[in-house]
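What follows is a single chain, given as structure tokens, in the form predicted on its own.
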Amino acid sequence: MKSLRSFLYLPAWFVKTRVFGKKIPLQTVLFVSDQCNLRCKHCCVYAQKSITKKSYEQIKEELQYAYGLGSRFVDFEGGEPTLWRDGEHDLNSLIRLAKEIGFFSTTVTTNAVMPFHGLEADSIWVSMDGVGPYHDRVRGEGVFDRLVRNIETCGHPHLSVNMVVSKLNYESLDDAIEFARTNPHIRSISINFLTPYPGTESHQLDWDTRRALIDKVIAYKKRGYPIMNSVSGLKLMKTNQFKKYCWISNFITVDGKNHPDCGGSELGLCDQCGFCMAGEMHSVMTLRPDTILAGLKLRM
């Protein structure tokens, strides 16, 4: 019954948004805390002077608010979201709460530094920025070995990895895709590129390199490798010259503010965006079959 409800919701949502022009978010990225246990070179969160950690009641209000907007999928992020606690509540408490409110599915993005066996999210995304020393170059010495061990012991049937490609790790792209294909605990890999948020500009790839890497990813995809990105979405990211529908995701940041668009948009970085979901969103709204199938496989 729940699957039927979600399948009926999606075409109704499309008609309201594409035909009648209403900006109704479909998913919510909810940041529970900026507390983290790494100091990644492509991230500026760890540099915050003070740590913000939301309460259970605040997150409950935010989930109810997002659901009221029309959002039906929620991604819990941080910082490192598995560190979140509020009294007797942990991250699984938030996952159960989201389901009670009515969200169709829940996702958690983790750096996999700590064991996360027993996490009840419908899907888990592990941030993996290359293989071996390339991942460690971004995230710290010895972190990749811990990631591998914790993936092996997780036991979750819907675990995938996400790679943010930059000058720091682009030479490991082939190995990362091959690692995802051969590791029995990994379902797929998502490829993104560094968006030059303040303080990370020096790690951004030049456009010629980025286009060549996208062509490589598309070739792997056509050969049957488990790449989550659709070909239609990837092609758009070669220029970023397409209409953005990024309001499909709303973001609720650690300060409790709701952002109907991503932080990159608010900073004027759309033309340099590396978040490949932007291309996926455009392809969904223009009814690209491969993107729609990829989205249904990811979320449903």
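In case it trips you up, residue 1 is the first one in the sequence shown, and so on. Quick caveat, the model's predicted, so the values are computed rather than measured.
There is another form of the same protein, the form predicted together with a small molecule; it is not shown, and what comes next is about it.
Looking at Y197, you'd find a heavy atom of it within 4.5 angstroms of the small molecule in the model of the complex.
At the 4.5 Å threshold, heavy atoms of W247 stay clear of the small molecule in the model of the complex, well away from it. By the criterion of a heavy atom within 4.5 Å, Y67 is excluded from the residues contacting the small molecule in the model of the complex. The small molecule in the model of the complex is approached by F193, whose closest heavy atom lies within 4.5 angstroms of it.
Contact here is defined as any heavy atom lying within 4.5 Å of the small molecule in the model of the complex, and by that definition each of H42, G78 and F275 is a contact residue. Remark: of stretches 91-99, 176-184, 213-221, 106-114, the one touching the small molecule in the model of the complex is 106-114 (heavy atom within 4.5 Å).
Note on contacts: among S123, S127, Q204, S188, the single residue with a heavy atom within 4.5 Å of the small molecule in the model of the complex is S127.
Among the residues V164, M228, L168, L159, the one placing a heavy atom within 4.5 Å of the small molecule in the model of the complex is V164.
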